[in-house]
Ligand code: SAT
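Heads up, the chain below is alone and in the form predicted on its own; it's given as structure tokens.
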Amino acid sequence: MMTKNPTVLKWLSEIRELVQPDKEMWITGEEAQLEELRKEAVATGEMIKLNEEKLPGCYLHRTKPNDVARVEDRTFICSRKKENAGPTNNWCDPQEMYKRLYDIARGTYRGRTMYIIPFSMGPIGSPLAKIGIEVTDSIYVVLNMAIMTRVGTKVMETLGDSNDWVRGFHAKCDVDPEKRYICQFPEDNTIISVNSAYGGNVLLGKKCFALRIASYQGWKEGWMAEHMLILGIENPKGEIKYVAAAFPSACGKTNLAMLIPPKYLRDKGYKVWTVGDDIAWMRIGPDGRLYAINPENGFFGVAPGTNEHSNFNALASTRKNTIFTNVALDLDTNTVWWEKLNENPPKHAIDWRGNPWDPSKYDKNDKLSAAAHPNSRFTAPAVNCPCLSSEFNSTSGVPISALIFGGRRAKLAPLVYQAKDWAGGVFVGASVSSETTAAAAGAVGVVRHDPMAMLPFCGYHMGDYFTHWLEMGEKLGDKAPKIFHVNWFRQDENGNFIWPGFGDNMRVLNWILDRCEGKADAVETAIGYLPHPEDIDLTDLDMDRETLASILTVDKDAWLAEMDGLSEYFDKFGDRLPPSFRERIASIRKDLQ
């Protein structure tokens, strides 16, 4: 027994009685214990040990074909009052949902081991960190949580007798999609996941705790849990400034988090340091500035499309002690492969379903013919990342100079603009939208709203969430970070991207930081401050000022139409929408006209 905490012991005894395990194991975080679990997972076929020379400490796991991604339609916010879940979440009465989940999970650990994982989101003992305990019957979950979070005995020592911890209960059950539920009970600090074994639904520290529960905690306690990367930018003088940025999926978030500056800027001495690739927890520090930590300890990245060119640092992070999920197994080398990893598909391979795969039958328009599932993953320790920030384990976090929002818009949003003030920046964040790509189901080019990139992850009413952002700005006052919007995806008339993106996004980040320090000028427009074309450094870039100027424009008619669409979208938040949003739409319309 690792604790005498009465709230922990009471909860564990209730779960134990419900699921009736044969055995129990507290996860201590010690390497010897984890190694025994890896061996057991290999012996049962749950994981495959990969080539120790080429991929030391790495394993492959396959989920059931019916269990390969987050399931938003089976994800619920169970607040006591329906209106507090808001219009963007599925809701169920907590008592009704507890009963349903307990009925599904009852007795399902018979013949299985109950693993008890104490974990810290954020560096153990940091005033910005939070503690959780996940109970699971899956070794896969234990081993992934040991990469993604800080686990073990020290966590329980830090918790002591406190009741400030999140209860996470996971049961694989029969992995039945009809009885699959991922439920958050924000008022009870509780998460329950049944009938899934896929990472995003069962690594309960990930989106369930770090965003859905933590966003609610942050609202109640005066801090922020955001779907944001955290990046340090070092200039040639050795000064490092930090930014946090939020993008909907398929907008280059991981690429920006691990950006490699273009050669010209590297030669001058610019460097980029990754603090986090996905989630930022931010609090006001003793000096009144906003400080951020990455609550995670690893990367849970999408494999297909990751390669040496698209994201060198992400790929390098997977070279050791990584768990791969639903990628292909190269039988000749006992290594892994996925689409766009390289141009050499394996001649003898097993696909993500466990069947022989023939590269000659692969058709990129037919997802069923792919070797790796489109949402296949790697769980890699952050410590593997070549550009990991020296502040990664800082208990006080890093001070944030700028907050950046972005979306994928072919014609509308300029390459970059700055909000006129914090409240204007909150409006910009709430207005984030992306046009659907071929990757998403359905029609291409449809505008999907995703406020602050938090749509599937906000644990309470999104109108209250916007108000919380506005209140944080009032507390920060003149120490608030500046807020920006970027759009790397403007297209020409042939549908080609105009801006080169990837490492060259550093040129835009430099303008953003110059604006934060009052070193760069800007043009005031109806939507915010835009750079003069000559203020973005184009050295060594195959782009002229005229082309750059074409993606720094504000199309009056397109923006008027956008305000109409936003006005209609914001209707869904009813009387909880901050009144300033309506005023902001009216003033932008007036300025445009």
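No experiment lies behind these values; they were computed from the predicted model shown. Residue numbers run from 1 along the displayed sequence.
One more form of this protein exists, namely the form predicted in complex with this ligand; it is left out here, but the text below deals with it.
Residue 199 within 4.5 Å of this ligand in the model of the complex, heavy atoms: Although this ligand is absent here, residue 199 would touch it in the model of the complex, with heavy atoms inside 4.5 Å.
Contact label in the model of the complex: residue 337 to this ligand, heavy atom within 4.5 Å: No, residue 337 stays farther than 4.5 Å from this ligand in the model of the complex.
4.5 angstroms heavy atom contact with this ligand in the model of the complex for residue 227: Yes, residue 227 lies within 4.5 Å of this ligand in the model of the complex.
In the model of the complex, residue 395 touching this ligand (heavy atom, 4.5 Å): So residue 395 does not count as contacting this ligand.
Listed residue (54, 532, 70, 545) with a non-hydrogen atom within 4.5 angstroms of this ligand in the model of the complex: Looking at the other structure, the residue within range turns out to be 70.
Listed residue (330, 435, 391, 278) with a non-hydrogen atom within 4.5 angstroms of this ligand in the model of the complex: Of the candidates 330, 435, 391, 278, 278 is the one lying within 4.5 Å of this ligand in the model of the complex.
Interface stretch in the model of the complex with this ligand - options 199-207, 405-413, 380-388, 422-430, non-hydrogen atom within 4.5 Å: Comparing against this ligand in the model of the complex, the contact stretch is 199-207.
Those residues of 344-365 which, in the model of the complex, come within 4.5 Å of this ligand by heavy atom: Heavy-atom contacts to this ligand in the model of the complex: nothing from 344-365.
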